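Take a look at this single chain, the form predicted on its own, given in structure tokens.
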């Protein structure tokens, strides 16, 4: 079991693509939306910013275009307090962008249309991964999106993993499967297995497990555990059913239910969960507490538009949890 006392582990480095999100003010088919809000989002960046808001010193590695969208992304990271010395400005390739379609064709479900082919982030290479970016680092985070973007990104992520192994830096990996990038289970396992094997903290979800291994949840956990040779914690996000964590070193299982909220935009819930869980690990909180924080952060994120804007502080999390627990007690009386 991972055990950290106080603020000893307090620096995290993340790596991945950050894009411009265009989120309509209304719900329904994208072709009928005429007014959009501009947001900044990207799975690994969302996680890192959540950790930063929860008192962890963070840095981020990515590449953005030499354009105004790239400037927005860099300034957003800096405004959050995240170190941007690992952000490369690429003069030859643009910043990625995507559009969101909410509550159509399925109510409360979000669909995404990506325009990221040839983006600056997809050209991030191993040459851009400098060992100095990992000085005094306690945890490195990457997800399955990054190595799936391109061979260059795959090699960059592998170099980062190699540095972390040499420096004894904890590795957190979220499978975070994007079907449009990985197409099928065979390709997904080819791309992701090495990262699953290397991670000490492994995040996945019921959807990812089904995509990789099939329909039986128990068998899927066993299949994932066989690949995750170095994992100490296997965390499984179950959406509306909450989350569970397997402490593979002790064999103990921990679970926490979700918090029922009105869903405005389901994007970013898993990222908020990861960020709160990892911040709790670095702060020395128990697995039970971290599952609670993660579920609360995810619920808070889906209740508003945007991925970054709803990410809570510790004070916000505590108030949210206290409010729900107080209301539950009233209902039991």
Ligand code: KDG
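In this text the structure is predicted, and so the values were computed from the model without any measurement. Positions refer to the first chain, counted from 1.
Although not depicted, the form predicted in complex with 2-keto-3-deoxygluconate is the subject of the following passage.
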item: Heavy atom within 4.5 Å of 2-keto-3-deoxygluconate in the predicted complex - the one residue of 62, 43, 58, 290 that qualifies; value: 43
item: In the predicted complex, the one of 54, 299, 281, 267 near 2-keto-3-deoxygluconate [non-hydrogen atom within 4.5 angstroms]; value: 267
item: 4.5 angstroms heavy atom contact with 2-keto-3-deoxygluconate in the predicted complex for residue 116; value: yes
item: Exercise: residue 311 in contact with 2-keto-3-deoxygluconate in the predicted complex, heavy atom 4.5 Å; value: no
item: Exercise: residue 274 in contact with 2-keto-3-deoxygluconate in the predicted complex, heavy atom 4.5 Å; value: no
item: Residue 229 within 4.5 Å of 2-keto-3-deoxygluconate in the predicted complex, heavy atoms; value: no
item: Heavy atom contact within 4.5 Å of 2-keto-3-deoxygluconate in the predicted complex, the stretch among 43-51, 281-289, 66-74, 26-34; value: 43-51
item: Partner contacts in the predicted complex for 291-309 (non-hydrogen atom within 4.5 angstroms of 2-keto-3-deoxygluconate); value: 307
